[in-house]
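In structure tokens, one chain follows: the form predicted alone.
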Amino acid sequence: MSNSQTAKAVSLQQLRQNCANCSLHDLCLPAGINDQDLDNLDRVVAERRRVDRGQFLYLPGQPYTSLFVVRFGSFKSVASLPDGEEQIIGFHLTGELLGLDSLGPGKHQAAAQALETSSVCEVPYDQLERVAHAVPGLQRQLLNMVSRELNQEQNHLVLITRKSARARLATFILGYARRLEARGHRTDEFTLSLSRYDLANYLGLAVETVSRLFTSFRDEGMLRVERRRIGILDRDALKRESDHCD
């Protein structure tokens, strides 16, 4: 079997997983959920959808009908500015939610684009409300997930309005590592799913500035940098940088 055939087979197997066998079980579901409740939740999950790199999960203006959970891979949320430019307003990793921007307006306010081959669980919102009332602990778990997403958005506002360029990059790297740690991944070394251009856009910096900062952090012994592969060598030094405000 070729590499491409193997990748396809693995992806299909992952897409067929039900909630009971999903690697996100502990992140998405309340502790002690029973088999009957799992069956009910499986019936609510309308689709486990594969999204190839560069494809959009949804676009601005589309009606909001479902909440999405990233099963594997990663996405970026992109808003269109009045001058026609695009602003990246969030990144979403495995186990995180997509579509919260649309809870109030009823339509998606930003686009969600896959940064790599990814998969999502699509959960129709009206059915989710009903099951959340019936499954003990699920409503609280969902609120916890929503709270984490909103905190990330608030932290991003502070990041780009109060912090220096060096602090922005240091804060992002540490935050990215914490999000990976919550999913059981190693945090001393990891691969960023986003490009330097996307990272610069998200941090409100020029691409050249981001590249220069990576070089500076490497030369100062804080990071090991090989393209998108990042190794954290001095976490304490990064933390001191991240605490610096303008």
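Note that residue numbering begins at 1 and tracks the sequence as displayed. The shown structure was predicted, so the numbers you read here are calculated from the model rather than taken from an experiment.
What comes next is about the form predicted together with the DNA, which does not appear here.
Chemist: Answer with yes or no whether Gln109 is in contact with the DNA in the predicted complex, where contact means some heavy atom within 4.5 Å.
Modeler: Because no heavy atom of Gln109 falls inside 4.5 Å of the DNA in the predicted complex, the answer is no.
Chemist: Consider Gly204 of the chain shown here, and say whether it contacts the DNA in the predicted complex, taking contact as heavy atoms within 4.5 Å.
Modeler: Gly204: yes, in contact with the DNA in the predicted complex.
Chemist: Contact with the DNA in the predicted complex for Glu220, defined as at least one heavy atom pair within 4.5 Å: yes or no?
Modeler: Outside the cut-off, so no.
Chemist: Within 4.5 Å, heavy atoms only: does Asp39 come near the DNA in the predicted complex?
Modeler: Answer no; every heavy atom of Asp39 is more than 4.5 Å from the DNA in the predicted complex.
Chemist: Counting non-hydrogen atoms within 4.5 angstroms of the DNA in the predicted complex, say which of Glu208, Asp35, Asp52, Asp188 makes the cut.
Modeler: By the 4.5 Å criterion, the partner-contacting residue is Glu208.
Chemist: Of the residues Leu97, Val131, Ala165, Ala79, which one places a heavy atom within 4.5 Å of the DNA in the predicted complex?
Modeler: Checking each option against the DNA in the predicted complex, the one that comes within 4.5 Å is Ala165.
Chemist: Quick one: Arg212, Thr215 and Arg228 and the DNA in the predicted complex, is every residue within 4.5 Å by at least one heavy atom?
Modeler: Looking in the predicted complex, the three residues Arg212, Thr215 and Arg228 all sit within 4.5 Å of the DNA (heavy atoms).
Chemist: Could you pull out the residues of 180-199 that have any heavy atom within 4.5 Å of the DNA in the predicted complex?
Modeler: The stretch 180-199, when checked against the DNA in the predicted complex, contributes Ser195, Arg196, Tyr197 at the 4.5 Å heavy-atom cut-off.
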